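In the form predicted alone, a lone chain appears below as structure tokens.
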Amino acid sequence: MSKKQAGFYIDAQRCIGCYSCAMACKNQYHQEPGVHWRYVYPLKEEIYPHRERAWMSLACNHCEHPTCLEVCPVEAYYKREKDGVVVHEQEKCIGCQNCIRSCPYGAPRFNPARHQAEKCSMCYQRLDAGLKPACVQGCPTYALQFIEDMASFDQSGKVQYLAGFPRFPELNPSVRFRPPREPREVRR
């Protein structure tokens, strides 16, 4: 990466699956019922076979090479020069759903009431005001964090592709994870 690229860090050891991040996003943007730009997914039991659960809070990954931007016929997407945030301009969207079909992470969502695609734009208005994204601000355990520049982010102990997170290196998603730890067994 030569330009600055913002991203998200998800610490699966801190995430308690409380959905505060998803609710903070809903409160910020008032999405239609059933439409969510951020969602909390439990790791599948095949991946994390423990009684305690582990979680992934996911939204748009603001990829270095976003497919949504490439397939949009009306240029409703653009990538900001200053931070690499992929912004969707809803007023330009014609609802063709090309972006929804092309994104392997399922980030753009269809809003049936507006007949348009929607997605996380990393609260770029809040970033411009010196604030954190609403989802990050709403996380009570600091499991979800904003990465200002992926190039300077300390990646020790972190991974780009957590088990269960689709691997598409050609897109280079701007998200890093701290994998969940194995639960401790206490015997008495």
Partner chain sequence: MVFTDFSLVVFSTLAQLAVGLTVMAALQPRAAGESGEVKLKVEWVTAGLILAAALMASMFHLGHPSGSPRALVHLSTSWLSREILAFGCFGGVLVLAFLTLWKNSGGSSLLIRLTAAVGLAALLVSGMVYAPPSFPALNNGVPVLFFLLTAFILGSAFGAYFVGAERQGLLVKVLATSLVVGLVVNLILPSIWLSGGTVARMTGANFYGSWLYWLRIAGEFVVPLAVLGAWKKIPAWLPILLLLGEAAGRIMFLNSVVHTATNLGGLY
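Values in this document were obtained by computation on a predicted structure and should not be read as measured data. Positions refer to the first chain, counted from 1.
One more form of this protein should be noted, the form predicted together with its partner chain, which is absent from this view; the next part is about it.
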Partner-proximal stretch of 46 to 54, 141 to 149, 122 to 130, 28 to 36 relative to its partner chain in the predicted complex, 4.5 angstroms, heavy atom: 46 to 54
4.5 angstroms heavy atom contact with its partner chain in the predicted complex for residue 87: no
Does its partner chain come within 4.5 Å of any heavy atom of residue 70 in the predicted complex? yes
I'd like to know if residue 136 sits close to its partner chain in the predicted complex, meaning any non-hydrogen atom pair within 4.5 angstroms. no
Is the gap between residue 80 and its partner chain in the predicted complex 4.5 Å or less for some heavy atom pair? no
Heavy atoms within 4.5 Å of its partner chain in the predicted complex is the criterion; list the residues of 141 to 164 that meet it. 164
